[in-house]
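Take a look at this single chain, the form predicted alone, given in structure tokens.
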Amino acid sequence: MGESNWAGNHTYGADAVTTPRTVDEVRAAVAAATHVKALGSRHCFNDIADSPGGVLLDLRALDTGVEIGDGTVTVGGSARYGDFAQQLHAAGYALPNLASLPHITVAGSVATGTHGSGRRQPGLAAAVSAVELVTADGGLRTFTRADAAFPGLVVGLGAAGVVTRLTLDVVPAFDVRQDVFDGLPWDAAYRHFDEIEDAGYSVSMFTNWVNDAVDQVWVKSRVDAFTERPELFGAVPADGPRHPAHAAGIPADNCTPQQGVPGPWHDRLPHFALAFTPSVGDELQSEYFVPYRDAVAAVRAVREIGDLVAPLLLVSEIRAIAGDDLWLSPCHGGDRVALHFTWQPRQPEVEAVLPVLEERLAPFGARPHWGKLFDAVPEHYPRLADFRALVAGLDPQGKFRNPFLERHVFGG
């Protein structure tokens, strides 16, 4: 059919793409299909959302509205975070966390375990309190935290059905400021890792792994809990706005405001502004999650192969995420540190490096991000067998199965 994902590195193999506008149209399309998957913002860098020989449901036209309740917001699965954040803020509420890109859909982000950052902040899926799901027979079911299956369905990889609505926990609206520091010595990063991660509500370190220092540290602080810092363990305040890939000469035009200028949560927690092309644009991505306690050792391990990794990189990011209890979340069972790699669009070379990188991180039980490029998924998910059984019960004919799920989840 010739359609591709956001990065253009994967061409979908489905026979057809349909664009349902209502939940009833989604139900009818699912019931009629032999194989089917849902598409959101198409930001996954692999074939997790493909349905070779089947049907893809492009949900961007799905109109389900936004319902703000007492401590919750309910949105359509195809809604992008940036689409309703201002409306939520105007009502006096906020989401506790956001990813780097507000351009991604809620359902796709949640299904793949996508996250923001912050040592005390869990990933985006942890905010979900209810999921409305179109199942293989076209039925419509809602699962909440009261259901035993719920923690298996939130980070569901699209394996159990098509998510049409989600309910998310919200908190009172808050303002955030971003302060960027340049040149954090590696020795200081190792010795003061906990203190750096606690320096703000959300903290990101950017590196290419071979420079003598961490290039940048982005500290996002709630304005009501801000502590002035003339320096950060040897890193100095940036003399102007920065792009994460500043070292590659990329200007900060598409980034959210920095240099301590306060603003609403939805315009500071993401790195990139909704109105612009996010990140670098022409890129590939990988990401690995290691237990927080192993963060420094894992960073050292990657630095040992920095000469292999750096020539393919645009930039790497190191950030912490609090743990959760969702079965296939990369943060299931405890706090994690994510090592993110934004690669140049040189996929064969990147794919050749990934097994080496994963071998280095294997002693720490590293889990890859489900929606990004990786070589293999280690069996470090204690509820994997439960997930397989859950999906088999909801989709006995394998309507939502695809090659990605067979390779990485069901062992086919």
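What you are looking at is a predicted structure, and each value in this text was computed from that prediction instead of being measured. Each residue number is its position in the shown sequence, starting from 1.
This protein has a second form, the form predicted in complex with a small molecule, left out of what is shown; the following refers to that one.
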| query | Pick from 95 to 103, 82 to 90, 240 to 248, 136 to 144: which stretch has non-hydrogen atoms within 4.5 Å of the small molecule in the model of the complex? | reply | 95 to 103
| note | Checking Pro151, Pro122, Gly108, Gly200 against the small molecule in the model of the complex, the residue with a non-hydrogen atom inside 4.5 angstroms turns out to be Gly108
| message | Looking at Gln178, Gln216, Ser316, Gln285 here, can you tell me which has any non-hydrogen atom within 4.5 angstroms of the small molecule in the model of the complex? | response | Gln285
| request: Find out whether any non-hydrogen atom of Gly118 is located within 4.5 angstroms of the small molecule in the model of the complex, and reply yes or no. | output: no
| Going by a heavy atom distance of 4.5 Å, is Pro368 a contact of the small molecule in the model of the complex? | no
| query | Looking at the partner-bound form in the model of the complex, is Ala298 within 4.5 Å of the small molecule by any heavy atom? | reply | no
| Would Ala49 count as touching the small molecule in the model of the complex under a 4.5 Å heavy atom rule? | yes
